[in-house]
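Have a look below at one chain only, the form predicted alone, in structure tokens format.
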């Protein structure tokens, strides 16, 4: 009897898998190691030191960019999740309807279109709005990040709704519960893991974004990633490594939390 096909049994699979892991994670490991370099070089090890972490912590520009990034990511996560919940309910609880595929594609447009295209489109729209209104504040970045992060919040919520048993919601409706009461007391408690997972994924996506921020931001609105990009254009020091390592730690924690919250529970 022929054995079922298993990709792991194919010749060279282990070598290719190990090569992929090395190429993916070795640069990140080196980045973290050299963030503790005592010298100013990013390629020559001169001893262990917390020097660049202290330097980044005491840098006023880094502090303001960090606060701005956290505020922006928090607003984008909250607003995109608030939009994603009703969108997910409409596309999973209403059954199939005319235009369902179009709505699904429209919500996930930022995932399908290159980010640079979305950034240029937002730049054109916001430039026209700025000319018409004269407003050049922080709100444009919040709107841009909210639009970009919407599918990242939508997908975990939609997946959670699709995995939920409808019998409890149907029982609530049979007991004369209004749609709002059924949602509040039955659907929402079961949906919370998906909502939190979507919010955290949107937060990480916004926190790490460079392209859209670079196109939409006005003067004095640098976030931490765009600040780092500007520094690398001038001179690269292990301070950039230290900031990158801190961002990496935040992203890893958020992604791990997203993974555990999005696991299907019986």
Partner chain sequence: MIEIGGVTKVYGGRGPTFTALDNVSVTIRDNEFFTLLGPSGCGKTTLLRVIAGFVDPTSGTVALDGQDLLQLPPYKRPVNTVFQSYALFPHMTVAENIGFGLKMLDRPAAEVKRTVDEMLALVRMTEMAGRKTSEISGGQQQRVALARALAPRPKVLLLDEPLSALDFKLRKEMQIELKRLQSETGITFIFVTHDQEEALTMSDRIAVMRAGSIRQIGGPRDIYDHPAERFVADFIGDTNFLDATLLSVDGTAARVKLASGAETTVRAPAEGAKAGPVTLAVRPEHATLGNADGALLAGKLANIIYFGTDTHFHVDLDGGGSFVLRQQNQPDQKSGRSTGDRVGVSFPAGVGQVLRD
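Numbering follows the first chain given and starts at 1. The model shown is predicted, which means the values in this text are computed figures rather than measured ones.
Beyond the structure shown, there is the form predicted in complex with its partner chain, which is absent from this document and is the topic of what follows.
J.: Go through 67-75, 177-185, 133-141, 192-200 and give me the stretch that gets within 4.5 Å of its partner chain in the model of the complex, heavy atoms only.
T.: Among the listed stretches, the partner-contacting one is 177-185.
J.: In the model of the complex, is there a heavy atom of its partner chain that lies within 4.5 Å of any heavy atom of residue 173, even though the partner is absent here?
T.: It does: once its partner chain is placed as it appears in the model of the complex, residue 173 has a heavy atom within 4.5 Å of it.
J.: Answer yes if any heavy atom of residue 101 is within 4.5 Å of a heavy atom of its partner chain in the model of the complex; otherwise answer no.
T.: Result no; residue 101 lies far from its partner chain in the model of the complex.
J.: Does residue 161 make contact with its partner chain in the model of the complex, using a 4.5 Å heavy atom cut-off?
T.: Although its partner chain is absent here, residue 161 would stay clear of it in the model of the complex, with no heavy atoms inside 4.5 Å.
J.: Closest heavy atom of residue 168 to its partner chain in the model of the complex, within 4.5 Å or not?
T.: Answer yes; at least one heavy atom of residue 168 falls within 4.5 Å of its partner chain in the model of the complex.
J.: Can you name the residues of 26-56 that have a non-hydrogen atom within 4.5 angstroms of its partner chain in the model of the complex?
T.: Residues within 4.5 Å: none in this stretch.
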